[in-house]
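Just one chain is shown here, as structure tokens, and it is the form predicted on its own.
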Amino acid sequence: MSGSNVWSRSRERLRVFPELLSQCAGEAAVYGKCVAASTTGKQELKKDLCAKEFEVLKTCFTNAARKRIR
């Protein structure tokens, strides 16, 4: 069974996460500000409130990960 291989891949992804995040710092900050602004007071975060900002961050992560593979 290849269970250990699954954990190795997961650990590798987590290991490179800070590097990817640093490449997308601006996008992450914009998304974080949107989430923070959406949850002021007693408001709960609702689905799709920051969808546009999340998509930009997701695209950045995807592009950064592709660059790293090449």
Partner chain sequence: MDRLGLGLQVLQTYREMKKRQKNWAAVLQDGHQYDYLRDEVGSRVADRVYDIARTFPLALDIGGGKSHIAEHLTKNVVERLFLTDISQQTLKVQRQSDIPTQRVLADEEFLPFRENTFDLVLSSLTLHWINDLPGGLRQIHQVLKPDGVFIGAMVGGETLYELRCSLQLAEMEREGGFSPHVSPYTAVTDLGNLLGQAGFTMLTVDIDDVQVYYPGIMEVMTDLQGMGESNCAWNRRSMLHRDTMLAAAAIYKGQYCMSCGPSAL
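Just so we're clear, the structure is a prediction, and the values are computed from it rather than from any experiment. Residue numbers count along the first chain shown, from 1.
The form predicted together with its partner chain is left out here; the points below concern that form.
Within this chain, R11 lines the site of its partner chain in the predicted complex, having a heavy atom no more than 4.5 Å away. Interface residue remark: T39 is counted as part of the site for its partner chain in the predicted complex, having a heavy atom within 4.5 Å.
Within 4.5 angstroms of its partner chain in the predicted complex, the stretch 12 to 38 places a non-hydrogen atom from each of L14, F17, P18, L21, A28, A29, Y31, G32, K33, V35, A36, taken in sequence order.
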